[in-house]
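Below you will find one chain, with nothing else, as structure tokens; this is the form predicted alone, and questions on how it binds or moves follow later.
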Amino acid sequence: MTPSPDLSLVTDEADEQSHFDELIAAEQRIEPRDWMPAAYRRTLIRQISQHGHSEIIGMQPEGNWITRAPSLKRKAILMAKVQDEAGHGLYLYSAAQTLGITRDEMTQQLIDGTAKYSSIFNYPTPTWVDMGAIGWLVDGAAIANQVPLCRASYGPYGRAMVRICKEESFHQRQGFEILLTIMRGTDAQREMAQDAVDRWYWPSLMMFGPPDDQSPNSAQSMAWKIKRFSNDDLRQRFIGMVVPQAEILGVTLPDPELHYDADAGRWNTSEIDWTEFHEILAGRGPMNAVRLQNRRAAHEDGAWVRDAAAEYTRKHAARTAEVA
């Protein structure tokens, strides 16, 4: 005979789902020990781990310029920024670990190339002025995207984002200050600044993800209140932020069709090249292979540190057991 289903388990899960839905509707936080739908857990692991990967890979474009920054002050500031990004990755990996995935698993997914990270970090940084453009545009886009995540429905994620956003605000100001300084320099320096803005503006707009009608995960993430705004809404907010800042800097945003439609209440732009975006996500960007190879090499070079720490932990535990 086929065993009858345990109706008590079905009822319990229905009750758990109902309680989960009530917490979401009431703007309450879901915590690691709370029941949550499997799909909610998977979505969080995907989003938080990809966010963490982006911070870790994002250290590379700027770390490349630490030794070549134009002054000791600039070196120290850039080094602090790269250290901040490493810390952001650790906060986010720790938040993801509360969902049942290990840091080793996430690291392996990254170095295997099976995990995604932000497409923006697969572009080269050929000049010092790129540090300014990245700070102003890339970190500015990150702030627009991440401040709403401070209210994410999953507690560890939202709390991690509070400190991350505070530090990102300094990064954005640092980039703006670099560009402002360069734009007060020679004609050649101003040309370099404009060139950097031209190269980073469109990739920064792509950071928010594809249009809403082509984004497979946004609607559900918003229903669960992980995300608070759609990709297109966040992109609009970012454009509205950078337009007046570009005027202060004296740079031109590389979009001749950019204008504000007061009747529609939105910024109209040229068509974004989503083919480029998808090519980079597929691993065919200008720096994808280099970024992942550097990460693999760093992971392999650091193996002795991990082994030493594990051996120390083992010996310490053994000594503690002997004393006990």
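From 1 onward, residues are counted along the sequence shown. Here the structure is a predicted model, which means the values were calculated and not measured.
Keep in mind the form predicted together with a small molecule is missing from the figure; the text below concerns it.
Among Leu179, Val138, Ala196, Ala152, the residue placing a heavy atom within 4.5 Å of the small molecule in the predicted complex is Val138. Think of it this way: in the predicted complex, the small molecule has a heavy atom of just one of Pro216, Pro244, Gly100, Gly185 within 4.5 Å, and the residue is Pro216.
Across the proposed site, Gln47, His51 and Phe121 without exception bring a heavy atom within 4.5 Å of the small molecule in the predicted complex.
Tyr117 belongs to the set of residues with a heavy atom inside 4.5 Å of the small molecule in the predicted complex. Among heavy atoms of Asp233, none comes within 4.5 Å of the small molecule in the predicted complex. Taking the partner from elsewhere, Gly87 is found to have every heavy atom lying beyond 4.5 Å of the small molecule in the predicted complex.
A residue is said to contact a partner when one of its heavy atoms sits within 4.5 Å of a partner heavy atom; Glu168 meets this definition for the small molecule in the predicted complex. Annotated contact segment (heavy atom within 4.5 Å of the small molecule in the predicted complex): 277-285, selected among 256-264, 277-285, 293-301, 65-73.
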